[in-house]
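Coming up is one lone chain in structure tokens, specifically the form predicted on its own.
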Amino acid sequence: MIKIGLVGVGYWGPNIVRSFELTRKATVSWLCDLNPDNLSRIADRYPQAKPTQNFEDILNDKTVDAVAISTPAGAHYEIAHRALSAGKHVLIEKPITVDSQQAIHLMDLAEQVDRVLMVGHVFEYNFTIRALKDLIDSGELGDIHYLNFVRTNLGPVRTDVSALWDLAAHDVSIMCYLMDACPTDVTARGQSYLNENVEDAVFATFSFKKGIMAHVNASWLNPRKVRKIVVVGSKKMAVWDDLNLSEPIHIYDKRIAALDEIPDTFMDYKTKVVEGGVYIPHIRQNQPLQTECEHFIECIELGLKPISGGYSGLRVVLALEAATASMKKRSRIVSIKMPAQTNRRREKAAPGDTDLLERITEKVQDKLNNTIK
């Protein structure tokens, strides 16, 4: 049984505890938070876990195999560094750090102590996002022209990081996963309306090779909750809607085609729009966070490289750093460069990683079914 110490039990932490407890091979044995109210709210639900306000209690417990970190982003590096140095495996929420050099240090340290370092890019474990990637990789959409991401809501408002680092971190991880690459440059603009120097609304455009653009609109100052991705290709277009649970992906057979006959009017000569209808594929859905937690456990047990390892976390931080710099420079284009040493040892999921996630998901679903019964 893998024993886990969870640091941070405020907003997201309770979801992590529940997900680990739904597995068959792990249990959360420590709950750590500086806020005693947070601890009291969750401690009664998980009596097997010892509550503490002192992180040293977890580090000193030799029976603890791993540490899961769900604290404000600014504390990620110190906690992860201390946990790895104490010989613990680490699952850390996004972003891995708020500084790319810190992310590289954690990658190096995890390699030195031979421990798993995994980042909670939960959408990389979402089967609907993986289905969207399959559409791109299979060529069904044709050559990809651009992607458009919208992630908005009215709150919750953060004061420690901007909407870029809080909300857009998800979209940057998704775009890197879909494109299997780090962006090459970015131009961004943000504005602080509620708290000084904390951008509530951000608009950023990232560039990838072959002229592919990815635009992000992230804001917690918006009347509607929206979680949507549009992928425009030369053959077809796809829309992913995270809030549409029954039909998350719509494929549009729409495109601009070359003319094959003499047009009647000048406007017909300029464009020819092909309307081929809309297809809604059936996609097997999963519980992404539980799949992520199961994957973390399997990586520990089998010595696997995580799908969302340090490299995945680093490229997101590099992109967010560059976007932040662009905002400070009033939308000047800022280049994004992956350090050469990290490129050489790039982490890649082993062949058959989709089968691995399928197997993990079956375990999660069996456990859920047994719980429901």
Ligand SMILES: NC(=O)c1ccc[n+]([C@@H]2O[C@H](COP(=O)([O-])OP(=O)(O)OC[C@H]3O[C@@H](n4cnc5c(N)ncnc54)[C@H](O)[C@@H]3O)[C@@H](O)[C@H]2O)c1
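Just count from 1 along the sequence shown to find any residue number. Note that the structure is predicted; figures quoted are calculated from it, not measured.
The form predicted in complex with the named molecule is left out here; the points below concern that form.
Peer 1: Looking at Ser70, Ser312, Thr324, Thr342, which has any heavy atom no more than 4.5 Å from the named molecule in the model of the complex?
Peer 2: None of the other options qualify; the answer is Ser70.
Peer 1: So, Asn35 and the named molecule: in the model of the complex, are they within 4.5 Å at any heavy atom pair?
Peer 2: So Asn35 counts as contacting the named molecule.
Peer 1: How about Val122 - does it come within 4.5 Å of the named molecule in the model of the complex, if we only consider non-hydrogen atoms?
Peer 2: Yes, contact at 4.5 Å.
Peer 1: So, His145 and the named molecule: in the model of the complex, are they within 4.5 Å at any heavy atom pair?
Peer 2: Contact check for His145: no, nothing within 4.5 Å of the named molecule in the model of the complex.
Peer 1: Taking heavy atoms only, is His89 within 4.5 angstroms of the named molecule in the model of the complex?
Peer 2: Flag for His89 set to no.
Peer 1: Which one, 233-241, 176-184, 204-212, 73-81, holds residues whose non-hydrogen atoms are within 4.5 Å of the named molecule in the model of the complex?
Peer 2: Among the candidates, contact is made by 73-81.
Peer 1: Given a 4.5 Å distance limit between heavy atoms, list every residue of 166-191 close to the named molecule in the model of the complex, or none if there are none.
Peer 2: If the 4.5 Å heavy-atom criterion is applied to the named molecule in the model of the complex, 166-191 yields Asp166, His170.
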